[in-house]
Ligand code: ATP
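Here you get one chain, nothing else, as structure tokens; it is the form predicted on its own.
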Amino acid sequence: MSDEQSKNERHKKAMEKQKAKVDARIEAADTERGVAILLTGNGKGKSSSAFGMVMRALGYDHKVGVVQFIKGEQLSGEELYVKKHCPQVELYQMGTGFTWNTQDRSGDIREAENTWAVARRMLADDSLDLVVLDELTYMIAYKYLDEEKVLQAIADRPREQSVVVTGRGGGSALQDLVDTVSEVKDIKHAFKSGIKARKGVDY
């Protein structure tokens, strides 16, 4: 047997072993229900990932609700696209912009509570297959919303509904509640080098 044939044989055996492991995990996953996902970390791409799941859900003609906390003064490309082309997506934005811009704690709390009322309704709507709560973690961290009520609403949502929460942090209680936690890590960012945010890439 040549060296190349030997490499191919070792590769084949390694892939067969890997496939057996994957197949076993798939076989063991026998629970059918919606999932709760937290996309956190200090890196770029949490909201973009959530909107990727929105596009994925729409591919299956699923009904989607999106609630955005903090953002809203400047629309992103994905928000513009959803508003123009996706009438089956209910999109609600708090619309106050970043809290460090408003510098109005009482006003921010009032708007957060109004926005949470929309989110709570979506989380109780069994016709929605996917609900995205973008930047919700900040509302918990700043104590604009009652953490226990937020977690309870997520826990009590319809069994088949999936929910995606984005934002830095979120606290250990939220991480314990959800099924999947993914952390986006900031290794390098163009903005720190003085490069302006790019339309169609950064927003």
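Because the structure is predicted, anything quoted here is derived from the model rather than measured. Start at 1 and count along the sequence shown; that's the residue number.
The protein also exists as the form predicted in complex with the named molecule; that form is not presented, and the subsequent description refers to it.
Of the candidate stretches 174-182, 54-62, 147-155, 132-140, only 132-140 contains residues with a heavy atom within 4.5 Å of the named molecule in the predicted complex. Using a 4.5 angstroms limit between non-hydrogen atoms, residue 10 is distant from the named molecule in the predicted complex. The shortest heavy atom separation between residue 168 and the named molecule in the predicted complex is within 4.5 Å. Although the partner is absent here, residue 21 is not a contact residue: none of its heavy atoms lies within 4.5 angstroms of the named molecule in the predicted complex. Contact check for residue 43: a heavy atom falls within 4.5 Å of the named molecule in the predicted complex. The partner is not shown here, but in the predicted complex the stretch 152-189 reaches within 4.5 angstroms of the named molecule through a heavy atom at 168, 186, 189.
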